[in-house]
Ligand SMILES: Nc1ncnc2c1ncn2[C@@H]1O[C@H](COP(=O)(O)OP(=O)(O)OP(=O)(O)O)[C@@H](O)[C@H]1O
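In the block that follows, a single chain appears as structure tokens, in the form predicted on its own.
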């Protein structure tokens, strides 16, 4: 098959040719935008699930839905960094400036509400050292959103932006990827600002995506967070959607797959979107074509795809762990894809009590490699990680 026309796109956050199985979340955001247009409030979405299920792609898709409706949106990718707070603030500031320029460009004249909004945005940006022109001659609003403390500045910013957004029947949304890693003061400031916005009927919303631990992380940050969002667990695709995820991109290029090829590829991928893209990519590369991927092609692609995942997707995560943490993960891998109980891990690692595991457990959770799936249980954040360990590292 023509490699240049390969429609499958394995890669972090890469948008697939066919985004299937996520209609519910897209329709929910469209409904929220409709409610805001009608002056009504709603809850934003918080996506959580294992790695490789397409949360980042879906979050970006939801942002594009609101961009198309001329909302003020910005995105933040959370990270564990020595200056995580400053980086998050800069993301907010840069996104606001870009959004402000869009707001200004859509106006034939700068009325009082728009000037107030732009002045406060300018004031907010100056407090972190930026000074970018907004395209309209406005002065920073002294004493508004300029303290440098996000928990104080963000509500003032939203309050001053809200009138111009209400006038246009749109909202302001912040999209945060890997939200479980967001620096604590930034996270609490966003949650608090959304809470105040709901109380004052300001159209401000936070959307997020992250690991299965997200609901508990947000609840620890602010007790009312459990009521602020519509939590959506994003999982693997069911069988019909997984088949369409293989078929639709091929059809878009005038190609197809035989029934036995689809059966094999759906089975080896487990319905996980990232794996579907990897195995689909390998099948397309291997197939001689010109327009059909056969069962034999899929069989070879299953092996090639697994090698690619082992050398990249899985290996990168394995190497982030210390030797002690790797021993911990090997003990968990005994349970394959099922959660591991702390009691079982104590026995396998020759410890006396669960508290003896606390350091490795804490550090692996902090690295995003495992999570507490239930009280007294741990699971991998990456699907099929146990199978990889048992294939490649059981005898290390």
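Computed from a predicted structure; not experimentally measured. Numbering follows the first chain given and starts at 1.
Although not depicted, the form predicted in complex with this ligand is the subject of the following passage.
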Stretch in contact, per heavy atom within 4.5 angstroms of this ligand in the predicted complex, of 334 to 342, 32 to 40, 55 to 63, 355 to 363: 55 to 63
Pick from 305, 203, 273, 208: which has a non-hydrogen atom within 4.5 Å of this ligand in the predicted complex? 273
Would residue 379 count as a contact of this ligand in the predicted complex, using a 4.5 angstroms cut-off between non-hydrogen atoms? no
Please check if residue 12 has a heavy atom lying within 4.5 Å of any heavy atom of this ligand in the predicted complex. yes
I'd like to know whether residue 277 contacts this ligand in the predicted complex, with contact meaning heavy atoms within 4.5 angstroms. yes
Residue contact check: residue 162 to this ligand in the predicted complex, 4.5 Å heavy atom: no
Using a 4.5 Å heavy atom cutoff, which residues in 171 to 186 contact this ligand in the predicted complex? It's fine if the answer is none. 178
